[in-house]
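First comes one chain, alone, set out as structure tokens in the form predicted on its own.
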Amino acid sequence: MTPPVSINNLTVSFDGTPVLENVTFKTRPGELTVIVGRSGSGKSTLLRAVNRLNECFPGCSTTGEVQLALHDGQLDVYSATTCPEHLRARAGMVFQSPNILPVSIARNMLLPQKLVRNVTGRSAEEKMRHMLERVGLLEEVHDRLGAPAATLSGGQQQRLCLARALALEPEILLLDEPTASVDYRSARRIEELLLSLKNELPMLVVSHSLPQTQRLADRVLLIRKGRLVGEWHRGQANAEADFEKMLSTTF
């Protein structure tokens, strides 16, 4: 089967200083891949390279190849003909800190659908409610959808961001420590959602939590000083022992 994400000799530098060097790996359909490593190792840079968000920072230079298997065929992420905005609509991202829009809860859901997917009216409303329900938020906000999104708790804001990303129907989802700034209850809801999504939506997740990695990961990529130095798969022989050994110096 075609790998949802295929990366070959990826190197990312800022002002001439490499942050990632010669990273190569492939993901597999139906698997949830978790990227781990110490702070500053290059995990977030790797995630952002998949939809070219590193280009939003000055002095960025990227070499190597990133290929995405999308519904209409392979997409060469760094081809000169690939539109970054089109790419980011298909490879959605949820960040460590909630990046809500300074508008109402409903507008946070409806406005991106209009701008990115040209979906409005009843269809957008139905999508909004379906995704808010899927992240466990609809019951909590159904009677105040017109209230500012900033009035939500941190955990609610992050679930809103996740619902918003899913409403745009991405074909690949990138999540940079999506539970880092939320309460325990919201974190478990997000984890349960990710597990329920993995057979329908390829995901790359950055995590700083060993227990979370154990709960979520089918495949683990260990990044150290910008290099891929370890890879673990749940189905391999002696999986549990190898997992503990690989991550013993990371967390």
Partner chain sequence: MSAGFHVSKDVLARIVIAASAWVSAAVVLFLFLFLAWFCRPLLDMTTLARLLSWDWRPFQGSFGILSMLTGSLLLAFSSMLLAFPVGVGICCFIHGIGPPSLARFVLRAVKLMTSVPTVVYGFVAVFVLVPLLRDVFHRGSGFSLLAAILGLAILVLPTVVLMLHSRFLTVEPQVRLTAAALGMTSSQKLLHLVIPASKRGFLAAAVLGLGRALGDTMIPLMLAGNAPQVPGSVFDSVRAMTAHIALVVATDSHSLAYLSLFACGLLLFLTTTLVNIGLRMLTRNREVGS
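Values in this document were obtained by computation on a predicted structure and should not be read as measured data. Positions refer to the first chain, counted from 1.
The protein also exists as the form predicted together with the partner chain; that form is not presented, and the subsequent description refers to it.
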Three residues, Y184, I190 and H233; all within 4.5 Å of the partner chain in the predicted bound form via heavy atoms?
no
Option from 72-80, 130-138, 150-158, 115-123 whose residues, in the predicted bound form, bring a heavy atom within 4.5 Å of the partner chain:
115-123
Contact between L111 and the partner chain in the predicted bound form at 4.5 Å, heavy atoms?
yes
Going by a heavy atom distance of 4.5 Å, is E85 a contact of the partner chain in the predicted bound form?
yes
Can you work out whether Q96 and the partner chain are in contact in the predicted bound form, taking contact to mean some heavy atom pair no more than 4.5 Å apart?
no
In the predicted bound form, does L173 have a heavy atom within 4.5 Å of the partner chain?
no
Check each residue of 160-183 against the partner chain in the predicted bound form and list those with a heavy atom within 4.5 Å, in sequence order.
R164, L168
